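A single chain comes next, written as structure tokens; it is the form predicted alone.
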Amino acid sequence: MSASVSPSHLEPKRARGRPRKTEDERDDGNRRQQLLSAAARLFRRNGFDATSTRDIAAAVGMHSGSPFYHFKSKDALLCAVMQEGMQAAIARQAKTLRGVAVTEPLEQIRRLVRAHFETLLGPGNDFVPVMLYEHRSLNARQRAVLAALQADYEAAWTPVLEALHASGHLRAPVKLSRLLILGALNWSVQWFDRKKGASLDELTDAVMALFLKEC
């Protein structure tokens, strides 16, 4: 007896082209950004070691394993948080210097300081503070990537400080001045309280008075 053949109109149709994307794949960009923001906030508040991927996933309403669709590991997520922060800081810095003549180094340094405070202390800016205190959690390759971004960021300060030194507004050597100024600004993440402390403009005024002198 011959085997029966199913009518062609009853056979399941084969999907053509690419398979349908999952919800995470369709919303990849937004979900990735949500993970970065949540991870930055939790890493800053609780520390890298004390924060699990489950914590991060829960913060954005995802299943515990979903972050691994976007990032290979928690270490990779940490590095991405830091890269995001440095790239945003570089863009903010370039924007704030736009239109300021190189013959105005006092205005340039004021804008650099103000932008740096915004990067560190502005609302939602947890990315760079995480880099300052979780840097040792990265591997050598990741640290090299971040070091290159940091060098790009700090490079904008050198010609401004050189001009200030030449004009007599800055007495200390340029390299030491850059390290000391950025070190002092970075430490503000430890003590600044927006509800109790000064405004970012007032902090900027204080830095100008502390490190620069009138001629």
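Throughout, we count residues from 1 along the sequence that is shown. A quick note: this is a predicted structure, and the numbers were derived from the prediction, not measured.
Omitted here: the form predicted together with another copy of the chain. The next part is about that form.
> Heavy atoms, 4.5 Å, another copy of the chain in the predicted complex: which of 176-184, 30-38, 66-74, 53-61 makes the cut? Say which one.
One stretch meets the cut-off, namely 176-184.
> Give a yes or no for residue 49: in the predicted complex, does one of its heavy atoms lie within 4.5 Å of a heavy atom belonging to another copy of the chain?
Because a heavy atom of residue 49 falls inside 4.5 Å of another copy of the chain in the predicted complex, the answer is yes.
> Does any part of residue 148 reach within 4.5 Å of another copy of the chain in the predicted complex? Heavy atoms only, please.
Contact check for residue 148: no, nothing within 4.5 Å of another copy of the chain in the predicted complex.
> Within a 4.5 Å heavy atom cut-off, is residue 200 in contact with another copy of the chain in the predicted complex?
Although another copy of the chain is absent here, residue 200 would stay clear of it in the predicted complex, with no heavy atoms inside 4.5 Å.
> Does the 4.5 Å heavy atom contact test between residue 155 and another copy of the chain in the predicted complex come out positive?
Flag for residue 155 set to no.
> Please determine whether each residue of 86, 144 and 193 possesses a non-hydrogen atom within 4.5 angstroms of another copy of the chain in the predicted complex.
So, no: the whole triplet misses another copy of the chain.
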